[in-house]
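Here you get one chain, nothing else, as structure tokens; it is the form predicted alone.
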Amino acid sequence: MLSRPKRAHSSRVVARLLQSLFVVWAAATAAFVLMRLAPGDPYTTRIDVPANERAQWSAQRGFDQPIPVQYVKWLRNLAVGDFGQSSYFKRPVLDVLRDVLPRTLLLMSLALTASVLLGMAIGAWQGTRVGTTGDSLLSTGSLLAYSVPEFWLGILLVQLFAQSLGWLPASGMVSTEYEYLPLSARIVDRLRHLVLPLTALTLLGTSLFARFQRSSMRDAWNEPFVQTARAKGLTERGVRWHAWRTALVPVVTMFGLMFPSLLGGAVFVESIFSWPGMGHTAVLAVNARDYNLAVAAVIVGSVMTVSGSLLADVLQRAVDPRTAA
């Protein structure tokens, strides 16, 4: 028989999972309705096809039916894992997602890792040196980096490093001659194409993590246990280590909550750099009124968002077991 704390923990887990499912369903439903309320459909936007054929195509696929009828059919198909056919790519939606999602995950995982490492290191350094010239300069730089919109930053990087200096490619994931390059040159080519979009996303995440880590480290640095540790003869490095561990809890929470920010930033960054990921594909789907692909992209984004929130809870409990009580 389960003890009361274990039953309470299990209930919280079930409640969080149900809440996550509701969020995904609500986001997908909103995307479904809004896409169909927008003017046109996947076939009426085809100006290269006569109007009567476009109307016939729309009727065959049920786009002329009331939205509630379309919604019930969509839910029925979704329940069996059928996301439908992409009208833009002329392929099943799941096949399109299998191609583009790993590219976005690669970009986001690298950006998140770099943001965490750089942001925590910068913020921890600032938190123990509040008010110094270095702290002021880094705080100003973090604020500027966080305030700059992703699309403007991406355009600036392209103008500077791709067009003006010619150091890095401006778009794409590989060069046109990629297939004819030796293995070592292929690796270098992929890395060169990755630098600019990764930099744009990493600057946003680093500035956010640095600001949170600085604030948390500053509060921990002023706690009585820091003075006690010094009085007991602990080295300055040891004092910083204990203060940093105490300051981790709010920063770890931000780790999971960064998923929505990075995913939103990836939409702009992938569009600017023509990175063939999910964000770029979602923009194409919306512009082409590709209902099935656009809604599927929203579902994947919602799943990633709620997964980040659940991950933040798990990490927070691991860093501070008191939150599990």
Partner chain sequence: MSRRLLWPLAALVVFLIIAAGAPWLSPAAPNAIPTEGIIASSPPSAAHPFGTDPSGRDVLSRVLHGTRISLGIALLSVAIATTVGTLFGALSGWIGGRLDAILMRLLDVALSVPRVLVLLCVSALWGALPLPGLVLLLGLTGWYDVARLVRGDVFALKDREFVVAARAMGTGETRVLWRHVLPHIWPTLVVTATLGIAHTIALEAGLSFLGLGVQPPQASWGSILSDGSAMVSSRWWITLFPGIAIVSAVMTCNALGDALRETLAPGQVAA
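Everything numeric here is computed off the predicted structure, so don't read it as measured data. Residue numbers count along the first chain shown, from 1.
Absent from the display: the form predicted in complex with its partner chain. The rest refers to it.
Think of it this way: in the predicted bound form, its partner chain has a heavy atom of just one of L118, L78, L110, V148 within 4.5 Å, and the residue is V148. Among residues of the shown chain, P66 is not one whose heavy atoms approach its partner chain to within 4.5 Å in the predicted bound form. Put simply, L144 is close to its partner chain in the predicted bound form: some heavy atom of it is within 4.5 Å. Proximity of Y71 to its partner chain in the predicted bound form: non-hydrogen atoms within 4.5 Å are absent; the residue sits far from the partner. In the predicted bound form, no heavy atom of A312 sits within 4.5 Å of its partner chain.
Relative to its partner chain in the predicted bound form, residues A26, I155 and G301 are all within 4.5 Å by at least one heavy atom. Residues from 262 to 290 that approach its partner chain in the predicted bound form with a non-hydrogen atom closer than or equal to 4.5 Å are L263, G264, V267, F268, S271, I272, A282, V283, V286, N287, R289, in the order they occur in the chain.
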